[in-house]
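Shown here is one chain on its own, the form predicted alone, set out as structure tokens.
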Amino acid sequence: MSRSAIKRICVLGVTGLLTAGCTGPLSTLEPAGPAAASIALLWWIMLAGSVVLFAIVIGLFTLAFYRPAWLAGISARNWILHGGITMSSVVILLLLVAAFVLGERLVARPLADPPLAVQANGRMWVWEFSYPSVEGPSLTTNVLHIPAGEIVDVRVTSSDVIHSFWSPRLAGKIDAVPGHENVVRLTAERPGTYRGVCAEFCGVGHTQMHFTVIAHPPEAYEQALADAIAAETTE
């Protein structure tokens, strides 16, 4: 095998290892909804900003090592002012603007047509979901049922300690605080099953405190939810 072929194999292997964590049921970089897509876009923007800064620093370091005369005329004051302050401030300011713009998309502001609401209650170490749109008892444990393609406001609280509700492919995380209700707005762009976890250490059972979000086709949602509630009550 030639040396160039070995190099290509090594590069592909390293690339595979570095990107192995960019996919999967809990990957924030494989979004399945608009809120998660905004978070993923912000991550890529921040990565690009860090790469730009890293490239500039490495480039200057290389010049200082191989062509010191090219940089000898730059005073220490200019290095600090322009290299250390101005350059970093410009990049950080751009990242800050992007964070504010994309972050605004995640806020669950009131809508003219109120979206479907679901109550999520965290307790050691399960998630309980109830559906105000359903008459009578409506509880599912560790499984959240939603209609695909529709906005859903999940109203999150806790019965004991602070937990954190997070379905990475659908939306950002939100704290579940006893005596307080936080709202996270999510939308599943297509039917499917999406995983979720408690993202706040809450005790010895924290690692088992996970849940599933099932996004049903809109026309099948009500029947699927009714069947899930009926199965829950017969257990």
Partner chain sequence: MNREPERLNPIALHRQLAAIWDSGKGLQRLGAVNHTVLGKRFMVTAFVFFAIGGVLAMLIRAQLATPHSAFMDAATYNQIFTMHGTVMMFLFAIPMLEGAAIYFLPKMLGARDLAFPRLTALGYWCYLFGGTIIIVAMLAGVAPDSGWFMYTPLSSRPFSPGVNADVWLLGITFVEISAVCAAIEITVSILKLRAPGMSLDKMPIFGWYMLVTALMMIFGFPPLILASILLEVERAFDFPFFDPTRGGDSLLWAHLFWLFGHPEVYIIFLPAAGAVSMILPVLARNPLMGYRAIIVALIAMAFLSFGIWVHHMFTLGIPHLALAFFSAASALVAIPTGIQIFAWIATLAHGRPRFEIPMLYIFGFLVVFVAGGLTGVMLAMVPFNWQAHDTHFVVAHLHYVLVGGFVFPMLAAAYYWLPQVTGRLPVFKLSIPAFWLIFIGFNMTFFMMHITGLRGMPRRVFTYPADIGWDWLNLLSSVGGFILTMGFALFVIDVVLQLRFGKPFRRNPWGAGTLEWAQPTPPPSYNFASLPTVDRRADTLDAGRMGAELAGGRGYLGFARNGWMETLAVDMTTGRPEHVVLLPNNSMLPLWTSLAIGGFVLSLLFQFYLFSLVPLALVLVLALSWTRTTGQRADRGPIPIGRGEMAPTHYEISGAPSWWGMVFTLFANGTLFASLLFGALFLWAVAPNWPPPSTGEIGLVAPVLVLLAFALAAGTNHLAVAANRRGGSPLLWLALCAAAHLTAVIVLVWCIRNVVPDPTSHAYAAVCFILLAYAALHSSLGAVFAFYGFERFRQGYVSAVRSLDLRIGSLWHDYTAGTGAIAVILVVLMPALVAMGAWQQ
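Rigid core: the largest C-alpha set superposing within 1.5 Å between the two forms. Residue numbers count along the first chain shown, from 1. Keep in mind that this is a model prediction, so the values were computed, not measured.
The same protein has a further form, the form predicted in complex with its partner chain, not shown here; the description that follows concerns it.
Of the residues given (V143, L95, I151, L139), L95 alone sits with a heavy atom within 4.5 Å of its partner chain in the model of the complex.
Interface membership of G172, defined by any non-hydrogen atom within 4.5 Å of its partner chain in the model of the complex, is confirmed. Residue contact check for D160: one or more of its heavy atoms lie within 4.5 Å of its partner chain in the model of the complex.
Using a 4.5 angstroms limit between non-hydrogen atoms, A36 touches its partner chain in the model of the complex.
Contact check for A117: no non-hydrogen atom falls within 4.5 Å of its partner chain in the model of the complex. Interface residues of 72-99, taken as those with a heavy atom within 4.5 Å of its partner chain in the model of the complex (partner not displayed): A72, I74, S75, A76, W79, I80, G83, G84, I85, M87, S88, S89, I92, L95, L96, A99, in sequence order. The Cα shift for P68 between the shown form and the other one, taken after rigid core superposition, is 2 angstroms or larger.
Core-superposed comparison between the shown form and the other one: the Cα of G205 travels less than 2 Å. When two forms of a protein are overlaid on their rigid core, residues whose CA moves 2 Å or more are considered shifted, and G59 is one of them between the shown form and the other one.
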